[in-house]
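The chain that follows stands alone, in the form predicted on its own, written as structure tokens.
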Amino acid sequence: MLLIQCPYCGPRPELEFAYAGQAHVARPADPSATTPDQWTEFLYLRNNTRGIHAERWRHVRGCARFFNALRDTTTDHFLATYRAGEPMPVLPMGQKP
């Protein structure tokens, strides 16, 4: 079983977590001035990265908090987890999100 490091609770089994989409997607600053195409892009268009990807997760069966993770989508290996609102951690040389 895969263990995921919750930044609030520590390592827990993957069954306690739910994927919540791409991390660091900023909501438009002025929604009333946003065009329908911009809303479509904000709501539906996400990167489908092969390799290291910044993701948002929720510890559903634990603290219920959201957090961010850097995960390699080719190996399913979590490189780092960090609290929501914190900046993305710097990865070792040769690894890029």
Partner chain sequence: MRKFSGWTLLKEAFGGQQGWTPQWRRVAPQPEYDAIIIGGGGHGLAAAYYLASEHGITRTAVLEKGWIGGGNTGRNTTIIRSNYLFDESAALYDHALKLWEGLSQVLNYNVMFSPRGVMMLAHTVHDVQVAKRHIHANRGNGVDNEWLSPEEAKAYCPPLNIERNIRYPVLGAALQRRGGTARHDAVAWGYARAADALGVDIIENCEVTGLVRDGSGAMEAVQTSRGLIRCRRVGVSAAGNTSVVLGLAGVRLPLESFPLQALVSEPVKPVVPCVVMSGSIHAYISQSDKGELVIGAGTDAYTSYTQRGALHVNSHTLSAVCELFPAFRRMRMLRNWGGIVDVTPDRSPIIARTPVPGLYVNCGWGTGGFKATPGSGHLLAWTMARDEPHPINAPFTIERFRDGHLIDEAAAAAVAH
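Computed from a prediction, not measured in an experiment: that's the story for all the values here. Residue numbers count along the first chain shown, from 1.
What follows is about the form predicted together with the partner chain, which we do not show.
Using a 4.5 angstroms limit between non-hydrogen atoms, F67 is distant from the partner chain in the predicted complex. Taking the partner from elsewhere, L2 is found to have a heavy atom lying within 4.5 Å of the partner chain in the predicted complex. Residue contact check for R27: none of its heavy atoms lie within 4.5 Å of the partner chain in the predicted complex. When the partner chain is considered in the predicted complex, L15 lines it closely, a heavy atom lying within 4.5 Å. Using a 4.5 Å cut-off on any heavy atom, the residues of 44 to 81 that reach the partner chain in the predicted complex are, in sequence order, Y44, L45, R46, N47, N48, T49, R50, H53, E55, W57, R71, T73, T74, T75, D76.
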